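The chain below stands alone and is given in structure tokens; this is the form predicted alone.
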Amino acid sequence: MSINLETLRKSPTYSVTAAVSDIVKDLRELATLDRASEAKQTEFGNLVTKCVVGAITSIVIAFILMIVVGEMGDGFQLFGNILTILLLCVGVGCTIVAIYAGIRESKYSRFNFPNHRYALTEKILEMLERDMDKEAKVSVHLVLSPANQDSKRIKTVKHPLKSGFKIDFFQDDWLKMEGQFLDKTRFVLTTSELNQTAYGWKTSRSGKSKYKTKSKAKRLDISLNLTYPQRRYGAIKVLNNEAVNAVKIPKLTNVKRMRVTDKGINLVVKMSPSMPWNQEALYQTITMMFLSVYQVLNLARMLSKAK
């Protein structure tokens, strides 16, 4: 078990070099931790809502009673004062519980990870291990923090259309996976997500100012880099110009770059924000990238043998 809760709380990143089976165990433990944290976060979030409503209701009723009690006769004033004090106590009690629940909710939110990231990593590893030595080790660096975290901001610019507004751009390189297949080909798979948040004060026609913020996804790049034995795939130079034609990827994805050399292939695919960046879409794209690149390599191997 490579997961350290204290380390994960400070920096929600999973980084390890180990056998696939050990990494899969860790990822399933992360999934269990995430589900438990989500449930607790919801539980304490609901408690915060109920306590805030209870506190506001109690205090408002108490103040109304304070006004009404002053107009009552002596016989009702004592009862009214006691009831007012009880309602104020309930309001204070609800406030204290709401603060406590809010702190607990914040604590569990640190372990509420994007589900698709660890689920996708596990699925890719299970796919790749079929063509790997059982004892082979894989390096995985998986970032589980939010994409729009302040530390991931790469630049801030003025909004081109809205006066007084700015736009923050965030780059989230959340997955890097390295390993080696049975044919001695080494692979490096990375994902890089680009998002933006526009924000600023907007003044309505009535003169009221309101702070506005809006986030949206911009682009997701997936890069696959293979470094292979030259003796096995030496004929790949012949396929240099045709290699890109072998790439078959899902609709709404585009080949951003493909570079073929004697020693390796680098394929970068861009996913537009108009398609969902969920586990299924990402897995399908990555699988097709591996299949496309290996189709080129298999043809190169056949040509090498024919020489």
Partner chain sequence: MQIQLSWIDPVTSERREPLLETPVALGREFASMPQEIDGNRVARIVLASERVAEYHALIDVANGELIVVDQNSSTGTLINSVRLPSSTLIDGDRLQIGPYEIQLNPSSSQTTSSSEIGASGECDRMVGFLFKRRCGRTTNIGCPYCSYPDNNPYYYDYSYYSGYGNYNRGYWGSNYYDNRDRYYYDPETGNVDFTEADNMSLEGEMDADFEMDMGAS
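Numbering follows the first chain given and starts at 1. All figures in this text were calculated on a predicted structure; none of them were measured in a lab.
Below: the form predicted in complex with its partner chain, not depicted.
Visitor: Should the three residues Ala235, Leu239 and Leu299 be counted as contacting its partner chain in the predicted complex, with contact defined as a heavy atom within 4.5 Å for each?
Guide: Judged in the predicted complex, Ala235, Leu239 and Leu299 all sit within 4.5 Å of its partner chain.
Visitor: State yes or no: in the predicted complex, is some non-hydrogen atom of Phe181 no more than 4.5 angstroms from a non-hydrogen atom of its partner chain?
Guide: Looking in the predicted complex, residue contacts with its partner chain include Phe181, since a heavy atom lies within 4.5 Å.
Visitor: Is there any non-hydrogen atom of Lys251 lying within 4.5 Å of its partner chain in the predicted complex?
Guide: Taking the distances in the predicted complex, the answer for Lys251 is no, it never comes within 4.5 Å of its partner chain.
Visitor: Is Ala18 close to its partner chain in the predicted complex, meaning a heavy atom pair under 4.5 Å apart or at it?
Guide: No, Ala18 sits far enough from its partner chain in the predicted complex that none of its heavy atoms falls within 4.5 Å.
Visitor: Classify Thr13 as contacting or not contacting its partner chain in the predicted complex by the rule of any non-hydrogen atom within 4.5 angstroms, answering yes or no.
Guide: No, Thr13 is distant from the partner.
Visitor: Using heavy atoms only and a 4.5 Å cut-off, determine which of Lys208, Arg231, Lys158, Lys212 is in contact with its partner chain in the predicted complex.
Guide: Contact residue from the list: Arg231.
Visitor: Considering non-hydrogen atoms and a 4.5 Å limit, which listed residue (Leu30, Leu267, Cys51, Ala243) is close to its partner chain in the predicted complex?
Guide: It is Ala243 that has a heavy atom within 4.5 Å of the partner.
Visitor: Want to guess which of 215-223, 96-104, 199-207, 181-189 is within 4.5 Å of its partner chain in the predicted complex, heavy atoms only?
Guide: Only one stretch qualifies here: 181-189.
Visitor: Select from 117-136 the residues with a non-hydrogen atom within 4.5 Å of its partner chain in the predicted complex and write them out in sequence order.
Guide: Residues within 4.5 Å: Met127, Arg130, Asp131.
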